[in-house]
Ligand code: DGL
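Here's a solo chain for you in structure tokens, the form predicted on its own.
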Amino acid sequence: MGDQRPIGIFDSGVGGLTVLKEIRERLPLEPTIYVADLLHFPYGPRYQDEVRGFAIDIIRYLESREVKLVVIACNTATAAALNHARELFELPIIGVISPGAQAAVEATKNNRIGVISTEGTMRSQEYLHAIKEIDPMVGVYQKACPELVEIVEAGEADSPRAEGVLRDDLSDIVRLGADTLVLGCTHYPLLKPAIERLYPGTFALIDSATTTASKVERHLEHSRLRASESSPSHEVLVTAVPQRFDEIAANLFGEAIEAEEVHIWEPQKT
């Protein structure tokens, strides 16, 4: 029969759709519930304890929807909340940082890894810790690239503007000789064509969406939680301005998503 409970996935906005897309492609029988917290977007510049609070509330909501597993499809929220959430909930919870760190260490040939991310993820140092825990000899060069999120959301991921910002943001990482680049924000996989055009053959690009989907598949397999029915349901929920979410998602992925608004917090709590 299989376990037909959905997988819960959340992010501050549309970036986590890269993770959702990979999960749905890899696990086509699994039902999903995706929550985008546009009420508090963006998470990157916020304090960690604030982001942690939002994440815990969203996981509590997903728990009430009887999900079998939660994916924190946001690097900033993973850094802020994953460890605390695992202490609070019995649900299995997977973040996007650990799978990306593991894949980066496996990919590098010269032990030099670059990580681009939001300010919040960089301040947390979670990628540095995760990579060093796997291999203390690896050099890690981190760079916060907040403008890249705006560029992706504006539908300009493959544009001259994106190339100009990437050239500036990646200059130090290129100079330091990194052969592997972790795309440490779920928006950033959409920048792959521009990065590969600017720096052909320079980096092994590590995409947290594909590495996380692979980890989800392994967990479901080992825990015998795989679904087996052939027509799974998929919900996309947004905590504010669903029309804006639909517009950006259509712009980025070329497909219509009709998100529904969900009220996780009382109206006065913003």
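Predicted model, so just to flag it, every value in this text is computed and none were measured. One-based numbering along the sequence shown.
Same protein, other form: the form predicted in complex with D-glutamic acid (DGL), not shown, and the subject of what follows.
- Only one of 162-170, 99-107, 179-187, 196-204 places residue heavy atoms within 4.5 angstroms of D-glutamic acid (DGL) in the predicted complex, namely 179-187.
- In the predicted complex, D-glutamic acid (DGL) sits beyond 4.5 Å of every heavy atom of Y61.
- Within 4.5 Å of any heavy atom of D-glutamic acid (DGL) in the predicted complex lies no heavy atom of P31.
- Among residues of the shown chain, F41 is one whose heavy atoms approach D-glutamic acid (DGL) to within 4.5 Å in the predicted complex.
- Not displayed here, D-glutamic acid (DGL) is kept clear of I93 by more than 4.5 Å at the level of heavy atoms in the predicted complex.
- With the partner omitted from this view, the residue of V149, A157, L82, I131 that lies near D-glutamic acid (DGL) in the predicted complex is V149 [heavy atom within 4.5 Å].
- Counting a residue when any of its non-hydrogen atoms is within 4.5 Å of D-glutamic acid (DGL) in the predicted complex, the hits in 58-81 run C74, N75, T76.
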